[in-house]
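Starting off, we have a lone chain in the form predicted on its own, written out as structure tokens.
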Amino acid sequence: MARSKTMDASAKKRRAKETEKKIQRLAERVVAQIKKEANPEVKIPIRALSNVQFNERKRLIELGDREQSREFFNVSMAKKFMQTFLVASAVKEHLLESGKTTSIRDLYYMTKHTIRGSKENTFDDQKESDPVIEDLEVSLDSLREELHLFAAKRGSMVGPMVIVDAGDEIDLSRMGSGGWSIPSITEDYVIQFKKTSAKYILLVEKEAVWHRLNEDKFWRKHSCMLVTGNGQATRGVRRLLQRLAHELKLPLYVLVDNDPWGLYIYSVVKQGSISLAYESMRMAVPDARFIGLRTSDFKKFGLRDDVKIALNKEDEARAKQMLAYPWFAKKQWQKEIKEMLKEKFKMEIEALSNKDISFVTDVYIPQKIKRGDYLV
């Protein structure tokens, strides 16, 4: 079985030094522009649909080469320019040089203050600082983890596996009702896989459904790793899934709501997202298998009309938008989305409880996996 090597203190320090140098070079380029009496600017790769492409061979969403200029002597850009270097400075001086890590929320407060001689704040809301952090990541070609930043934890895992988490050995088959809380940073220098008898991974969108499966000990009966991202999986959860699938060669099955948003959650796990296209290689699992819920499951499993939820205008608009995405161009996905639009209803995973409280555990998932009834 593949196993990651623990990154020692000296390796961590070298990694931090490399990131420090990248920030230093960014600053030096701007200083050189100032010395030439040019308008100081920094180039930021555009993180939008207009600058991503779907790599058919790799089956991943990749970032293009288009950039936007962030200039100091530009009224509409000056604040963003200042914020970019404010964040870079805080990361270098307070985190990388000290060897400490902090949350993106903490960094927001570390960099927030009123500019001297004015009533203007550096940041008014964390919604301003978070995109700047992502801009810095892609500009430096450094991951958030390499900037010594982490986000709030969200997600749980349980199953027949022993891991090492920051030096502590943890048996994930002995995690009680709550499971192991998946951290924000799941790189190999934090999390190592020690041993497992798992045959596959099951990612469940809904935490409530995850609890049902955990209480029914689905993971024990079927020898699998049971994971939930509590909705859209965080970067930490997605990175962990990618490592489990790549390093341990475990198939990944995904169970989400039967609506456009559930399909999108699956697609992000499978080939990456538009906003984080620069990280697709280390987050996406191109072979991820979609086991449902599907519109056709309504008739296939004899569900009643009272579980149907009418599609609203936002659902329909989102579904039509997804039809145009190249990563949903396969006939099977075109058929799936068009069928949802035609039938004009959606369903939650919990609709299966209309049959029986443990129907999802005892019938739905085992039958889907046994029959190979999934989409890729």
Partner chain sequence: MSEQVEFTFGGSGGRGARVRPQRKTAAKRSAGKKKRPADEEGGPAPSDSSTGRKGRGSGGGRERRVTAETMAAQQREISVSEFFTKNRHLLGFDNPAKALLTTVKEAVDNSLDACEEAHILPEIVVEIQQVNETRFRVIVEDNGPGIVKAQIPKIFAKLLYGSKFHRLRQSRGQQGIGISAAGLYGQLTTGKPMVITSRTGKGRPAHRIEVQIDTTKNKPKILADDEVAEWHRPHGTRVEIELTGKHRGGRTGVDAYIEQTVVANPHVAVTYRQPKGDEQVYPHASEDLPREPAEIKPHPHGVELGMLMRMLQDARGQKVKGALSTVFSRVSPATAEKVCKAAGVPSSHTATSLTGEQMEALHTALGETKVMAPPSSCVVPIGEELIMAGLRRRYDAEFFEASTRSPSVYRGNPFVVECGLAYGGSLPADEQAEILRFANRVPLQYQPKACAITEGVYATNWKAYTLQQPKGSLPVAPLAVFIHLASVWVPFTSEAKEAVAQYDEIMREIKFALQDCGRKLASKLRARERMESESKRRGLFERYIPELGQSLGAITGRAPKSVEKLFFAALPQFIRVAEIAEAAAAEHAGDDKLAAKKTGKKTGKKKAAKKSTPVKKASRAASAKKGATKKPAAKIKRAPAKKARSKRAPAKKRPRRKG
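Numbering follows the first chain given and starts at 1. Just so we're clear, the structure is a prediction, and the values are computed from it rather than from any experiment.
There is another form of the same protein, the form predicted together with its partner chain; it is not shown, and what comes next is about it.
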Are all three of Ile34, Phe81 and Ser89 close to its partner chain in the predicted bound form, meaning a heavy atom of each within 4.5 Å? yes
Can you work out whether Phe85 and its partner chain are in contact in the predicted bound form, taking contact to mean some heavy atom pair no more than 4.5 Å apart? yes
Taking heavy atoms and a 4.5 Å cut-off, does Ser118 contact its partner chain in the predicted bound form? yes
May I ask you to state whether Phe72 is within 4.5 Å of its partner chain in the predicted bound form, using heavy atom distances? yes
How about Ala38 - does it come within 4.5 Å of its partner chain in the predicted bound form, if we only consider non-hydrogen atoms? yes
Among 118-126, 273-281, 243-251, 287-295, the stretch whose residues bring a heavy atom within 4.5 Å of its partner chain in the predicted bound form is 118-126
The one residue among Asp130, Glu187, Glu215, Glu93 placing a heavy atom within 4.5 Å of its partner chain in the predicted bound form is Glu93
Just one of Gln24, Ser358, Asn354, Gln367 has a heavy atom within 4.5 angstroms of its partner chain in the predicted bound form, so which one? Gln24
